[in-house]
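Structure 1 and structure 2 below are the same protein chain in two forms, each given by itself as structure tokens.
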Structure 1
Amino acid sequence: MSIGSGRGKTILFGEHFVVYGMPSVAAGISSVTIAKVSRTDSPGWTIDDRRPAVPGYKEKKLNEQRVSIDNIMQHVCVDLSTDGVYIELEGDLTCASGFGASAASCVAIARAMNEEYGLGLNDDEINRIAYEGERGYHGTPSGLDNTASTYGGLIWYIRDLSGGPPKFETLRLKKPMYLVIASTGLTASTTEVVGDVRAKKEKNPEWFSSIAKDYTILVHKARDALFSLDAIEVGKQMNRNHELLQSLTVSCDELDNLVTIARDNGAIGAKMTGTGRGGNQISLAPDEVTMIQIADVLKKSGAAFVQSTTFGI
């Protein structure tokens, strides 16, 4: 039996914009998905998915998960036509839209297969295979989630629109920043939401390009502010990013409500994160005490799940 792991993530800047080649920033979080792979006598693969999850998540993603694992098996190039594998998924990463749970499971399974079959794959190859797995969940992922899940840390990521490898770098800050992640408990379909934004963009290119122009300015300001540890400015750009995501129509009442509660209770910036129309909201806190305070208030306000984390070092 062999074990592999993949990290959860949260997107600080650039969900949806990253799909169209604009820079994005994601942070790996401490929670992980663990995959255990054992060989069996029967062909193909079977799975026991014991990951913690918000209600309905696993059921909604079941068909996509099957396609994803088939893709991974195809790309690790292990012949499962006579002997097969039994996959167990566990770990402390809660499956809820916005935590990168699908990417984390792809990375974990690819790593466990690598160990079990002695494939000698490095992280870049694991990331490439996890990307193929992610395609099972949503046809044309930007690759941000699997990259954050493979490498962890704080990542500046740009998708190559001509199909080449993405450009990414790890940003290291001199001090950590404090973040609270709150889940609405609603599971969104990334394929549907990304497809809807694409349809709106195609129908009204001027509308999209004016929002995209504002986004490109803000993400570079955010990058500078992260390096100079100017949390107030980072928070300001998170607030602005949330407004732009509202303009793209990917926020929803539940997310906007969590954003307002967080800002009213000490967050210096708050936005939705990930696909939107459900999923998660993030709050930047000025310090650890305020981070705990924001997390408490969000829990009491009915967030389905709340997690505090640091990022940047």
Structure 2
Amino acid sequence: MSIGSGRGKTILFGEHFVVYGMPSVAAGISSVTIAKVSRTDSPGWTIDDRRPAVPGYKEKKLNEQRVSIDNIMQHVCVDLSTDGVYIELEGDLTCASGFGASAASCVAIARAMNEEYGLGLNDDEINRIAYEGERGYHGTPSGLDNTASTYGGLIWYIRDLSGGPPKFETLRLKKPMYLVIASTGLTASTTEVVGDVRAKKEKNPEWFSSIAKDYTILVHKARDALFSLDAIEVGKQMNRNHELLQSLTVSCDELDNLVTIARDNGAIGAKMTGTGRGGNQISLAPDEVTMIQIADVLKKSGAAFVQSTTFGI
């Protein structure tokens, strides 16, 4: 048996703005998916998926998961026509929208296959294979999730508006920061929300340009603060980022409520993350004790799901 792991991810800065070529910062979090691979006498692959998950997640993703694993097996170039593999998935990363769970499983499986068959793949090659696995879930993924899952740390991401490959820069902090991720339990259509923002931008370009200018300044301040481990400044920029996303009308009462509760209970920064109008909220804590405190309060306040984690290393 061989074992591989892949990290979850969250977006710290840049939702929606990244669509228009502005930088985004994502983090590979400490919560992971573990894959165990054992050889079998039967051809092909079988799987036992024991990952924790929000209700209905794994059932909804089942067909996509099959395509994803087929893609991984094809690109690791292991012949499963006579002998096969048995895959076990587990770990402390809960499968929920916005956590990069699919990418984490792709990275974990690719790493376990690499170890089991002595393929000698480096992280760049693992990342490339995980991207192919992600295509089973997302068609044409950005590559952000599998990159954060493979390398950890922080990912500075810029979309190429001319249609070329996006720019990824992997960054790493000297010590981790503490984060709480909470779910509203609401799911919004990314296509619809992004389309709505685009329509507002086209109707009032000056309005969007002013917000985008503020964001561009903000994200560079946040990057500098992350490198200097200035958590207070990072939190300040998270709060400002949330205000700008509110201006874009992509937050909602449920997200704003979680943000307020987190800030009132020790968070030094809190904002929505991801598509918005539902989905997840993140809170930056100054230390582990406060992280646990924030998580407990959010759970008691009705968040559909809460996960405490670290990021940056």
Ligand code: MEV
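Note that this is a predicted model, so its numbers are computed, not measured. Rigid core: the largest C-alpha set superposing within 1.5 Å between the two forms. Residue 1 is the first residue of structure 1, and the numbers go on in sequence order from there.
Structure 2, not structure 1, represents the form predicted alone. Once the rigid core is used as the reference frame, the Cα position of His75 differs between structures 1 and 2 by 2 Å or more. Taking the rigid core as fixed, one finds a CA shift for Gly136 of 2 Å or more between structures 1 and 2. Comparing the forms between structures 1 and 2 on their rigid core, the Cα displacement of Gly185 stays under 2 Å. Relative displacement of the Met113 Cα between structures 1 and 2 on rigid core alignment is 11.4 Å. After superposition on the rigid core, the Cα atom of Asp145 is displaced by 4.1 Å between structures 1 and 2.
Superposed on the rigid core, the forms differ at Ala96: its CA is offset by 3.7 Å between structures 1 and 2.
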